[in-house]
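Just one chain is shown here, as structure tokens, and it is the form predicted on its own.
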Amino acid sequence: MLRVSKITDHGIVILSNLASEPDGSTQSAREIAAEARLPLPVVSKTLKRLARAGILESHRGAKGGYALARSPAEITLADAITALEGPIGLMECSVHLGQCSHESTCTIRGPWQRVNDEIRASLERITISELLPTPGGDGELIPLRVASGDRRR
């Protein structure tokens, strides 16, 4: 089973919560942790990584806290995953060349690279704003459709 880490799962929850706040509003790490029902140390670590990647802005002072650095429609799942996990890659060789002793004779590296590229492209098409519940909706995810022109052959 392919999975993202818990910190990435928590990070996407945090980003979704911040995206549902009024534009420009900041929240402290403590407020974010309470709203997301996550431990403060985990939230603090996640917030720092997202801020370091430029996804969040950190503000100091009495009214300080964290806010999205750009619109939720401009922050993709790929942005969040890369900030929290590093480069998106199913296999080590799909991200870093020279990590496998079989690389020069591997017959499946090309196909794996294609799969990796498709996954990355899908994650780049989904934004944080798309994860927000719609007014009057029940919070269920709506299946995404791939446009026929998006398929690579």
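All figures in this text were calculated on a predicted structure; none of them were measured in a lab. Throughout, we count residues from 1 along the sequence that is shown.
Absent from the display: the form predicted together with the DNA. The rest refers to it.
Engineer: Scan P41, G54, P111, G86 and let me know which has any heavy atom within 4.5 Å of the DNA in the predicted complex.
Structural biologist: Contact residue from the list: P41.
Engineer: Can you tell me if R37 lies within 4.5 angstroms of the DNA in the predicted complex, counting non-hydrogen atoms only?
Structural biologist: Looking in the predicted complex, residue contacts with the DNA do not include R37, since no heavy atom lies within 4.5 Å.
Engineer: My question is simply whether Q27 lines the interface with the DNA in the predicted complex - judged by any non-hydrogen atom within 4.5 Å.
Structural biologist: It does: once the DNA is placed as it appears in the predicted complex, Q27 has a heavy atom within 4.5 Å of it.
Engineer: Is K45 near the DNA? Define near as a heavy atom within 4.5 Å, in the predicted complex.
Structural biologist: Heavy-atom contact with the DNA at 4.5 Å: present for K45.
Engineer: Determine whether any heavy atom of R70 comes within 4.5 Å of a heavy atom of the DNA in the predicted complex, and answer yes or no.
Structural biologist: Output for R70 is no: heavy atoms all beyond 4.5 Å of the DNA.
Engineer: Which residues, if any, of 64-89 lie within 4.5 Å of the DNA in the predicted complex when only heavy atoms count?
Structural biologist: Stretch hits, in order: G64, G65, Y66.
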